[in-house]
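Encoded as structure tokens, the following chain is the form predicted on its own, with no partner shown.
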């Protein structure tokens, strides 16, 4: 059974920026939107594994810094004309703290 793990304080994630969370199994990029919406996605572009945590966030998407693929942070899907998907993780904010469901 998966459980909620506290990973970072919301105010430690810059608006339209990210923080990298390292787990035993994978690296997870946690993004904060301009409306304080938080997203969590595997820190690897589906194209060539580029570090999404180093990409530029705009709206609810991030642009991979390697080849400019745009990835929807809600679904993990690459936007057309590209194809592919990165894993997304359930995320919630409570009391100014960000939790991931792992």
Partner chain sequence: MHKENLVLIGNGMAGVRTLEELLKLAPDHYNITVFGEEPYGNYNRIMLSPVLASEKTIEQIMLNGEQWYIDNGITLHKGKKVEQINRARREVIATDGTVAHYDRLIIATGSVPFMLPLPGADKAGVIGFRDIKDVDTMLATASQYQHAVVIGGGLLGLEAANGLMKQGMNVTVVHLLDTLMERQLDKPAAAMLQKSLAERGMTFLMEHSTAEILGQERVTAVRFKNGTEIPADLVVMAVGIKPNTELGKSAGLYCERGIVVSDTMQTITDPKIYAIGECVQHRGIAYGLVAPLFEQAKVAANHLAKHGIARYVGTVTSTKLKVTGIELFSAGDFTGNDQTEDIVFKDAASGTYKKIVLQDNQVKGAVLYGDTVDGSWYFQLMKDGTDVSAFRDTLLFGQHHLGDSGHNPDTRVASLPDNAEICGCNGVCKGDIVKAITEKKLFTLDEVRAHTKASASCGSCTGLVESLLAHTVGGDYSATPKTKPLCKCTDYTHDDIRHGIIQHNLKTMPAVREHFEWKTPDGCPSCRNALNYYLLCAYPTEYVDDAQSRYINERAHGNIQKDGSYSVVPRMFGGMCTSDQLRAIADVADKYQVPTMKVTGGQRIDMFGIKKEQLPAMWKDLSAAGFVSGHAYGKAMRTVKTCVGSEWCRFGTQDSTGLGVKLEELTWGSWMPHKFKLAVSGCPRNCAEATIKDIGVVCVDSGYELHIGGNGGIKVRVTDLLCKVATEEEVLEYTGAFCQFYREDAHYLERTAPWIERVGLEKVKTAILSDAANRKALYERFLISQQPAQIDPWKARADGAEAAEFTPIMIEA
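A quick note: this is a predicted structure, and the numbers were derived from the prediction, not measured. Positions refer to the first chain, counted from 1.
The form predicted in complex with the partner chain exists for this protein as well; it is not shown, and the discussion that follows is about that form.
Heavy atom distance at most 4.5 Å to the partner chain in the model of the complex, all of 34, 65 and 102: Every residue of the spot touches the partner chain in the model of the complex.
Residue 92 within 4.5 Å of the partner chain in the model of the complex, heavy atoms: No, residue 92 is distant from the partner.
Residue contact check: residue 79 to the partner chain in the model of the complex, 4.5 Å heavy atom: Residue 79: no, not in contact with the partner chain in the model of the complex.
Contact of residue 57 with the partner chain in the model of the complex (heavy atom, 4.5 Å): Because a heavy atom of residue 57 falls inside 4.5 Å of the partner chain in the model of the complex, the answer is yes.
4.5 Å heavy atom contact, residue 16 to the partner chain in the model of the complex: Residue 16: contacts the partner chain in the model of the complex.
Residues from 71-88 in contact with the partner chain (non-hydrogen atom within 4.5 Å) in the model of the complex: Counting only heavy atoms within 4.5 Å of the partner chain in the model of the complex, the contacting residues of 71-88 are 83, 84.
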